[in-house]
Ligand SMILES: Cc1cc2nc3c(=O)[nH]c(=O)nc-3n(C[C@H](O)[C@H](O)[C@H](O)COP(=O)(O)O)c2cc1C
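So this first bit is one chain, no partners, the form predicted alone, shown in structure tokens.
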């Protein structure tokens, strides 16, 4: 393929280069994948107003997310198993984000550990937390995030139990892949990926192995994770985590106005309108469809961000126009990472930045801070 010009170009390249179980892990949803598909298709229904003969010089995409200056209102979302899309994936993505002037969010279920990412990058990053039954482990994990100088904690609320993703079950997802005949045959077609993995010691869940009680090796890991996600997570736990953390707190997974109201009352700094990329409740609203009602419920009392379905700079602009302060990209940067490593994540951000900038100009705006619903065609959102 010649130079990738779109996120779709990067997706095609990633599918060619990443082992099937890890590509499918990133590029799939729960059950029928209806909500996963709606996250993208609902963006396409929103139409933009083209304006002409307006001054398009001196444009700016600069903004802030939770008070942090960003070069554009985009952050890299927390994604599990990022280091299985490409060797040392979290470190490479964090470096690319820092160069681009946007936040990177490390997942609890990352391959590279908090300490690893902090030691190999120069900019503070955000950390995403899953709440486990082992509260001592969670306490230590938050303390480790503080020690790594993470500048925000993203608390995910929509994974108390795991949504069923058929592809992961059929592929026998594990990190690293089990040496079955099917996996070996597939890996033989991915030499670039295999060479990268042979050259790194980071092949399992770095934040968990060696840190959680009873998890010293790979054999005990899968049973621990299936037992440890806490179905009893509630708003009292949110308060406990907020007090323990003491810094900027973002609540991820809000999709209903009643939960948005509770998020405001929790005292968190921001919420993320998210359906976990269509990976949890299949049949839920797309994130962009849910965004307006969440904004109405919040009424400006806290910052509202969103993720789900962002595949272009135009999608970013539409979300900002509807009232989001910023967006997160997950699959889009994973495609870039799987396709081309750090260079691919940089390419992802460059593609989105250019599309965002040009589209904003053609809609008659020069500053992202001035973008509002006036750039959208009434009746399409």
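Here the structure is a predicted model, which means the values were calculated and not measured. Positions refer to the first chain, counted from 1.
Keep in mind the form predicted together with the named molecule is missing from the figure; the text below concerns it.
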Legend entry - Partner proximity in the predicted complex: residue 331 to the named molecule, non-hydrogen atom cutoff 4.5 Å: yes
Legend entry - residue 26: touches the named molecule in the predicted complex, heavy atom cutoff 4.5 angstroms: yes
Inset, instruction - Mark residue 73 yes when one of its heavy atoms lies within 4.5 Å of a heavy atom of the named molecule in the predicted complex, and no otherwise. - result: no
Inset, instruction - Determine whether any heavy atom of residue 130 comes within 4.5 Å of a heavy atom of the named molecule in the predicted complex, and answer yes or no. - result: yes
Legend entry - Segment that reaches the named molecule in the predicted complex - one of 343-351, 309-317, 61-69, 45-53, heavy atoms within 4.5 Å: 309-317
Inset, instruction - Consider the chain as shown here, without its partner, and state which of 92, 77, 263, 111 has a heavy atom within 4.5 Å of the named molecule in the predicted complex. - result: 77
Legend entry - Residues within 4.5 Å of the named molecule in the predicted complex, restricted to 31-69 and counted by heavy atom: none
